[in-house]
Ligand SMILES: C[S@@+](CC[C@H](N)C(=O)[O-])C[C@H]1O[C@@H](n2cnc3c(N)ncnc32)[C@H](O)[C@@H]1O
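As a starting point, one isolated chain is supplied in structure tokens, in the form predicted on its own.
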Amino acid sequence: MFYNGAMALDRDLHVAVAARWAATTGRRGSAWEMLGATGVRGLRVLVESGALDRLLCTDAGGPAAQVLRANCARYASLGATSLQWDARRAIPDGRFDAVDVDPFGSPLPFLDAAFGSLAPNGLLSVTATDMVVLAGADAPATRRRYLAEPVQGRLGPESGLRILLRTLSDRGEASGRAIHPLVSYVRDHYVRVYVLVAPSTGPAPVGPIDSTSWDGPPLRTQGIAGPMWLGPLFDATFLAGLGVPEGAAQAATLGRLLERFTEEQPADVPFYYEPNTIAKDAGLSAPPATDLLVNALRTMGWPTGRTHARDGGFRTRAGRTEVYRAARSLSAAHPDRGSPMPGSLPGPAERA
């Protein structure tokens, strides 16, 4: 049991997502925070978002359960309760409008209980911190645990995010439901997703990527990667109404992160480019500046935007040939405009 102060920004975003979700449904709902620890995440959502009329926080026992009980008791009048409970099991007769899975490590042991406890058209939020596995540093473990071939290297974290979404899609499909991502992102040592779980209306955008025919950013992986989620990471309408909540612990940083989500959403396709890797592949003397590349591709008519996943990276709906052609033209026209990469998002030390 511990309180992680470095995750304040993530909790700010959870409050924002919950408030936006309540606005779209027009009502308040119930929530289960499966792995409560101190209860700070769930209690912040309860107190600050206006989205909940009932919150259940659980933990397996020991000092955590005692601290959780005391913290929830302070907000009992707002609907907070606690329970000593093994989150690998669903709450008997429990149905919640929102369920949060925020483990230390893999969320896999808790997903059956989460899906089994979620009301129709409910909001499921999931964190995974087992990034050595998801991001492909331990590929055999990725294959065993997530039944997928990871993308290794710098694109590995996004590959892990998409493998997690595919895992959630598979779990939903087993009960005739589909996931619809609202906000999905890579950050520091973890990936995090917020998805609606609704009755399925057709095949999910899930599948493998064959690196030999792939026309997006080079994957540095030979053969087949995945299967993984190939659909959007964001819902454009939901994202458009997402704002910084009053009282956010890191309001300015969250504002910049939301701006970055908004910028990349029109180009919401799998994986991103980086000018330094483009320069290496294309034999350029220096990487072209990100802002010049983004503007050039937009001028050519391709939706393009910088990505939250890595400073200096950008997504685009242009094919690889068009991206590299634009980079070569810029290198010739602006030999003095190599990247320094834009640094609008803070680094790990600044975030702590």
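Remember, predicted model here, so these are calculated numbers, not experimental data. Numbers for residues come from their place in the sequence shown, where the first is 1.
Beyond what is shown, the protein has a form predicted in complex with the ligand; the following relates to that form.
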{"item": "Residue stretch of 40-48, 281-289, 299-307, 319-327 approaching the ligand in the predicted complex, non-hydrogen atom distance within 4.5 Å", "value": "40-48"}
{"item": "Close approach of A70 to the ligand in the predicted complex, 4.5 Å, heavy atom", "value": "no"}
{"item": "Non-hydrogen atom contact R11 with the ligand in the predicted complex at 4.5 angstroms", "value": "yes"}
{"item": "The ligand contact at F110 in the predicted complex, heavy atom, 4.5 Å", "value": "yes"}
{"item": "D130, heavy atom within 4.5 angstroms of the ligand in the predicted complex", "value": "no"}
{"item": "Contact residue in the predicted complex, from E149, E274, E158, D102 (heavy atom within 4.5 Å of the ligand)", "value": "D102"}
{"item": "The unique member of D210, E259, D86, D215 whose heavy atoms fall within 4.5 Å of the ligand in the predicted complex", "value": "D86"}
